[in-house]
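The data below hold one chain only, encoded as structure tokens and taken in the form predicted on its own.
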């Protein structure tokens, strides 16, 4: 076995990059020639964490087969969220906390999936199981990932395991969890200098539902009105993405990290699935979703169920 590349999903968030860095370091300690790479450049929140802990962002790759055949996936498993040539690669391992869908391999593999709020919580368990200490800088990145994925423990995806892991990692990293966590989340809400296309690509994933492809993007903010002041331009950009990439339905989930509510902007069809999934009526292509902050737990399952009826 030659070099093994380890990476998270496309449009990487802090967990996709942080878990890749942490899992690659663990594999190196176990004697594997591993390297963390990324399927996109870090967003501002992730870059804040990398800078704070003095880590270099993984290099960005688009295809891998020409470089190596062996890979490990973190924070995803669905092929449409992975590297472009994933079907040509030998997947040795997956560490994830999402649903399993659109995934198959020719060979046996190590697969670790747990219903926790963050992949980095699972990676910490793997360090402990192998009696390997987490370096302080990497612990800081893993703590950042948990804060990001759980919105500082406010998301319904957050479990006690995530809280316990975060407390342990914050101690190793030497940070005050609450103050640093708030600074991290706020770093990801600087949206004014981004184009509509950039906003829609910050944290977006595609999901097959029935015979349709649904694209769901999420942005965090401290002011919903600031984002929806650009509603017409955002909707036009979403429709353009639908046409360009073959998406049927595009949802933009705008989440207020201060009060843990979200508002949806919808473009495409069949939009009646949104009405069915969330028991709301769309007004001007929008719907307010009180208490909704998690795409994984509060949006995707509900939409999937509506499409499958």
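Residue numbers count along the first chain shown, from 1. Bear in mind that the values here come from a model prediction, so they are computed numbers and not experimental data.
Beyond the structure shown, there is the form predicted together with another copy of the chain, which is absent from this document and is the topic of what follows.
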4.5 Å heavy atom contact, residue 101 and another copy of the chain in the predicted bound form
yes
Do residue 109 and another copy of the chain come within 4.5 Å of each other in the predicted bound form, heavy atoms counted?
yes
Within 4.5 Å, heavy atoms only: does residue 215 come near another copy of the chain in the predicted bound form?
no
Interface membership of residue 290, another copy of the chain in the predicted bound form, 4.5 Å heavy atom rule
no
In the predicted bound form, does each of 97, 114 and 301 have a heavy atom within 4.5 Å of another copy of the chain?
yes
Give me the residue from 129, 223, 164, 232 that has a heavy atom within 4.5 Å of another copy of the chain in the predicted bound form.
129
Contact assignment for another copy of the chain in the predicted bound form, among 190, 105, 195, 178, heavy atom within 4.5 Å:
105
Testing 166 to 174, 146 to 154, 67 to 75, 114 to 122 against another copy of the chain in the predicted bound form with a 4.5 Å heavy atom criterion leaves exactly one stretch, namely 114 to 122
Does any residue in 256 to 276 get within 4.5 Å of another copy of the chain in the predicted bound form, counting heavy atoms only, and if so which ones?
none
